[in-house]
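Alright, two takes on the same chain below, each alone as structure tokens: structure 1 and structure 2.
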Structure 1
């Protein structure tokens, strides 16, 4: 399961989406999220699904990689579906036994919420899959640069987000190694009751936290040795420049967003 987590990974390529300005990609992702939450109708969600499919195909990244990003969240999706299935009481009744009742509205809401979450994860993954952490940091810093006038630590915030994304795959790999080492020592992590397995997780969490703090200390030392002093006076190897294709991509996203708003109000 840990090997299926692809959060924070970057897949180099020369696709159209890879070549877009990261600042525009962040804005487009924000508009995309608004698109998915515009309305509660199937038609508006269908617009978001079409846009998601188009983005995945244009990214040039295999579809199985997006499936891997959804796979670790399957238990959460299952819980969300079950909660909505049994708590929503509207429409025709399909099944009823004592206090358990499954209705048409419950099924519709369950499917709708699961599909919305899957689209949200898939569409958001396009941003991290097609943008390197360093480039993403520069883009976030540029977008939030007006806040510097209010003495807001923009560069520090962008740097923390970049480091967090960068070390997610590293921590996942470290966790996998710790689990293998503990199993080799005879630890029973995947067996027993829920309480027993929860207690056995201590043997994983303690070494993981120690390793994380050690890595953080080594990173801080390395940054200090390189005379890192924040964003003041910092130069960049790659300068972010917008091009017509960035505005075209933004325009297409706005059109889809407008279509989602229209369908949400007219095609309920």
Structure 2
């Protein structure tokens, strides 16, 4: 059941998107998000959709994986869409019955929101699917490094992020093991009434906490044994280097962004 979590999952491959500089990828993702939220015309959203489709295809990752990352959010999306549909009251009225009223504005907002969020998740999944967590945090560290001048602990933050990301799979595996072990002692985890299930959560959470603390302790010792003392004077094994293709990718994204702005204003 826990194996279905796709957040932070990385699919090693050598597509053009995999090979882009992670710093550029992060900047591009930001521009992409701006692009999706520019204006509310069908045409600007279409530009965003084309861009998303293009990057999904270029990444060479099966479309099924993207569907998998959108799927868990679908129920929330549908509920908010329905709420928007009935509560927004603007424009032509298409349907009215007692207190229920469906208007043009309501349809617009709910459809746009659903499409936008799906695109947003898909697009940001392209980033996480094609970039290993370690390079991602490296890139964040580099992008935030100007903040060092303001005494902001950039390196420490990046280190905490990489450690957190590194331990997600470990913790998932550990949780699976503990669940199995308690099930073997007759704990009802996915059956039984709500209260028994809640009670049995204790049997999972306590061992999980204990092992997390133990792991943290061991990791701290291991780091100290290798003389880790923060970011001061630390050099890196993997240097991030930008190349022409990164600038080209950035250029294409900016063009798409411009297209989205232009269509939003002129093709209303």
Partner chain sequence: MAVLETQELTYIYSAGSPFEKVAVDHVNLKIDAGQIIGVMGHTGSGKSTLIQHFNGLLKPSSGRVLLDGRDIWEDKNKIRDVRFQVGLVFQYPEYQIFEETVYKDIAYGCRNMGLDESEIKLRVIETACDIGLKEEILERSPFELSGGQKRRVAIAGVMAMRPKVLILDEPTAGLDPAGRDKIITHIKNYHRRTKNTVLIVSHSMEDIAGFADKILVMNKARLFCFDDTVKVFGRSEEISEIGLDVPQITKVFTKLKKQGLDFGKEVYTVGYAKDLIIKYLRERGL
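Because the structure is a prediction, the values reported are computed rather than measured. Definition used throughout: the rigid core is the maximal C-alpha set that superposes within 1.5 Å between two forms. Residue numbers count along the first chain shown, from 1.
- Structure 2 derives from the form predicted together with its partner chain, whereas structure 1 comes from the other one.
- A displacement of less than 2 angstroms separates the C-alpha positions of residue 125 between the two structures, with the rigid core held in common.
- Annotation: Cα of residue 165 displaced by at least 2 Å between the two structures, core superposition.
- Once you line up the core between the two structures, the Cα of residue 142 stays within less than 2 Å of where it was.
- After superposing on the rigid core, the C-alpha of residue 200 is displaced by 7.8 Å between the two structures.
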